Every structure is written in structure tokens, then in C-alpha cells.
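In the block that follows, a single chain appears as C-alpha cells, in the form predicted on its own.
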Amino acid sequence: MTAAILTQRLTKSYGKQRGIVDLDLEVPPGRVFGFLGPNGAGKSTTIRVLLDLIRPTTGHASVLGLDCRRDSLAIRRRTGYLPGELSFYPRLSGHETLRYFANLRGGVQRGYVDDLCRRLDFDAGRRVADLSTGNKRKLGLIQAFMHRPDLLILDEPTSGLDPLVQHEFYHLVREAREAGQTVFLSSHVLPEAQRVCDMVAFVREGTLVAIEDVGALAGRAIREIEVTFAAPVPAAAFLGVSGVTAVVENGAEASRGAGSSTLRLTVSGSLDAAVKKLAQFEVVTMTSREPDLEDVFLALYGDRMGHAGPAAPGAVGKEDAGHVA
């Protein structure tokens, strides 16, 4: 099957500044593909090259089997695009803006547009100039989805959206996939990508680091768990526990020798063994957080990028006044 997106040694340089470097990427059709990386990693540059908004320095890219430069107009006819930075005519209302885009497309189903407005809780009667950042994002999403394109390219699509609207957006993405559409979703939020994507590519400093199946990535998930115990518990108690890669004691509390104590565990993959070990002690409170994307990069791919990877299994440290020794 023809790849929805295919790049070969794609490079974009801005003089002395790096954009993307030798990017080799293949996005299968009919999938939700996450393109992940910190801000400034090269995600938006890649998207702009794919849509022929900027030209590559070297390399080649095709979308839906069409050459990005030679066939850019045909590609845009079949693509719905949400840019990271939105710009609309401020004096037009939402209705007028959507009608303008619909006419450019050669017409869309009005009922579907109204349904998108309802689902995203968007008041299309208001002028663009009066819309909040989140509502402008909704308008951008509606114009991207409304002609049911073969390919959706969405750059940071949930930025500025409230949680309820984010939830509805995830439903729209799943429906697009079920209809056979391909979704290329740029994000710097890993949990979001894990929720809706089939595959993810990690890009950092303009370079592709890895492509992962989301199911496999979930099996290698990294979490930080902070646990407060009713009595002192030594960090050494968690040495050798499966999945626990590091344990940090809170020095200020542990040094009292009595009363509560707090440990912070770094756990990779399944939590089962760690939870069973925790159950041997009296737990007062427990909180878990997903690490940010930079943490995931360094933990999973640090050795590929010249950084230290995850701590060795069972590594123990002490924290005092916010510093780890």
C-alpha cells in the first residue's frame, strides 16, 4: 500500500540554524501517527515541508503517493490541516469563515459542519476577533475535519482546549481512523499520543530518534511514584524489585528516625511488583505522575543521543533540600 507520508533524507536548514536533518519517515495509511518531540524539535518544520509551505534543503517527501513540490495543490485538496499558529480574518464570523473555506474546497456537507460545531461546543455566530484562543482552536479543527479529507495533519491540536473538548476531539480522531482516514498528529504531550495514536515517532533536535508501536511503548512506560509511609522505610527495601530502576529517600523526613518517611520510586513497565512490595508496609499517601516527554527521551533513548539513560536497577539516592546525591 502507498504510504500516506514518506520522507527520504529530508533536511531543512535555516542558515546556521537546524530545522530537520536526514529525516526518514513512513506513515502507513489509515493509522493515527503521533509525531512527538519537545518544542523546537522540528515538528512544525516537517509539516510545512510536507505541505510545500517551505521548501526542503535536500531530500524528498511525498504525501498520499504524490510529490510534495510538484503535486502540492492535489495534496492540499485531499488534506485537512491545522497549523500550530492560527490566523483567520478577524472581522468574519465563525460561520463566514467556515463558508469561505467550504467554498475553497468546492463545497462541504453543511449538516456535518453544524455537527462539528455542536460537538466541539463552538459558537459560530461570533466574530473571530472576539474568540478566545481555545475557540479559535476549535474553529481551526472544524475547518480541518469538515471536508472529510484522506489525510489530517494536526499540529498541537489540543493546545488551549478544555478537557471536555479534548475528550470530544479524541472521539473525532478515532472516527476518522475508523473511516479509513490517516491522522498525522504533532504533539509534545506523550499521554495524549498514547491515548489516540497507533504509532509514534520521536524527534529531537531535528533528528528522528525512534518509531514505536504505542502498545510496545506502553509496556515500557516510565512512572514516578511518591509514597509516604506511616513508619520509616529504607530505600534499600526496594532493591531488586522488578521494574524499580531508582529509589530516592526524602532526607529531611527519613533522618528523624521516627514517624513518617517518604520514598520516590522510578518504575519502568509493569507496576505489579512495586505495588505488591508497597503493600508490605503501611502506606499513608501515594501519588503517581507521568514524566514529561524529555524524561521519556532520556530514559528510553538516552544512549542513542549521548546522554545517560535510566538509572541502573535498584539505584538508591537521598534527597535533601531538593538535591539528589
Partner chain sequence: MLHDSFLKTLRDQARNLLTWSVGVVAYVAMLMAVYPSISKSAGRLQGYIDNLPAALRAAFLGPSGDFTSPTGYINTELLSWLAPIVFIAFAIGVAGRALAGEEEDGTLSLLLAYPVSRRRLVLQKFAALTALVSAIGAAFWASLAIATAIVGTPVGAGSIFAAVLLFTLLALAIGSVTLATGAATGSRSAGTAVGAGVAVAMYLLNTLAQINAAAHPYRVLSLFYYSGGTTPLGRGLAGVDVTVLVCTTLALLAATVLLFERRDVRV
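Positions refer to the first chain, counted from 1. Values in this document were obtained by computation on a predicted structure and should not be read as measured data.
There is also a form predicted in complex with its partner chain; it is not shown, and the following applies to it.
- In summary, among the residues 110, 119, 148, 77, the only one with a non-hydrogen atom within 4.5 Å of its partner chain in the predicted bound form is 77.
- For the options 286, 273, 66, 54, the one in contact with its partner chain in the predicted bound form, meaning a heavy atom within 4.5 Å, is 54.
- The chain is drawn here without its partner chain; in the predicted bound form, the stretch among 139-147, 236-244, 201-209, 179-187 whose residues come within 4.5 Å of it by any heavy atom is 139-147.
- Although the partner is absent here, residue 100 sits close enough that one of its heavy atoms falls within 4.5 Å of its partner chain in the predicted bound form.
- Contact check for residue 91: a heavy atom falls within 4.5 Å of its partner chain in the predicted bound form.
- Contact between residue 83 and its partner chain in the predicted bound form is found at the 4.5 Å heavy atom cutoff.
- Taking non-hydrogen atoms only, residue 104 approaches its partner chain to within 4.5 angstroms in the predicted bound form.
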